[in-house]
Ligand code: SAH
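What follows is a single chain, given as structure tokens, in the form predicted on its own.
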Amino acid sequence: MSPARITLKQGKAKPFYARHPWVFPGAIDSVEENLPDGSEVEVYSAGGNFIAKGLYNSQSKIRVRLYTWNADQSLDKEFFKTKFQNAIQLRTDLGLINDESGCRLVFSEADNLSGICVDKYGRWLVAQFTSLAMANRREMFFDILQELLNPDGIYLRTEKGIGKLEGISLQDEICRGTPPDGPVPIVEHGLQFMVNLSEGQKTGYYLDQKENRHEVGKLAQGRRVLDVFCYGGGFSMHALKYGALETVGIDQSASALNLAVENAKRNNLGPCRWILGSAFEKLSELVEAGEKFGLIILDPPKFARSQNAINEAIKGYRRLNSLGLRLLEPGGFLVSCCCSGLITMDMIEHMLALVGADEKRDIQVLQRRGPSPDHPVSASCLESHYLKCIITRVM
């Protein structure tokens, strides 16, 4: 039985010929009646020309996710196994895969596998689904991962809000193998971090900031460092490694700060202290107390989850960075991060210009950075370039 057929509106085919993987409802002219969510479909232009094959979901704003532009290719196990092999080979070629470190093995659109991410922590894997169709095929993907890597265990982790957006009904659980006895230790640039696979944020750790933590740490020598939204203290540990006088971490999660305390003990670094509470409130308190720092890292969670939220998100980033500048000594370094894919690098730089004017400070942009190499960016889906990290010097 051939896949169902979806026909696009006149003039809407160009992005998909260019291999963009997301088909939104506004581009679609017709869909077969009673098409089950998760079905394999073929997408055609208004003129009847084949474009690509993908997976359908009537509940999602991304109505079809595209995977192959070959009309003779079925979206079967062998097809996806090849995609997984290609993704793993990239990380192997980059020297990123071993049993001591953490690494993103599969990065959704960037690896032509829209809707699934897989991270490796030591001998364990953590999978996360952002597509109903891919989630429905999870046992096949677990089989593939077992065949290719033979991990000690595979965890399934869910992402907040995705279930409602995609119609996914899953819960966090160990799906294959056995769970570790507790948090899994990984090594990053000579430092050891504990990763809680069952409870930590995202899949347990922020692998995308790996190289940024290393680069920012080099600026810390002889400076007091403020690490805002510090989670397990990744930026703080790197700063202390490179000679920071002291680090102060802020996070509203008690479990995250417990992890940070454990990480500090394991690395025998200090002095460091941790503040539990809302970042905006605690930053205001530090301003009132007259505190000053030579290096400040602002790494907030996603502020914009939809186009309608962009303006409010920019206001939030502006307020956060203004508080940061009030705490930064002259000649200090401000590191401003943004993981909202809808917010561009240009938007962040414009926001920083406004903040500089507000606070009467001169801001020099030193580096514009993105995620670590295990989080590649698809040239045909620039939305995969979600993480921005701007390193600045402020007079």
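Small disclaimer: the values here were computed from a predicted structure and weren't measured. Residue numbers run from 1 along the displayed sequence.
The same protein also has a form predicted in complex with the ligand, omitted here; what follows describes it.
The ligand is not drawn, but in the predicted complex it has no heavy atom within 4.5 Å of D111.
Although the partner is absent here, Q209 is a contact residue: one of its heavy atoms lies within 4.5 angstroms of the ligand in the predicted complex. Put simply, Y121 is far from the ligand in the predicted complex: not one heavy atom of it is within 4.5 Å.
Under a 4.5 angstroms non-hydrogen atom cutoff, the ligand in the predicted complex lacks F84 among its neighbouring residues.
Only one of 127-135, 245-253, 287-295, 88-96 places residue heavy atoms within 4.5 angstroms of the ligand in the predicted complex, namely 245-253. Interface residue among P179, G316, G270, P301 relative to the ligand in the predicted complex, by the heavy atom within 4.5 Å criterion: P301. Taking a 4.5 Å heavy atom cutoff to the ligand in the predicted complex, the contact residue among G277, G153, P185, G167 is G277. Counting a residue when any of its non-hydrogen atoms is within 4.5 Å of the ligand in the predicted complex, the hits in 208-231 run Q209, R213, F229, C230, Y231.
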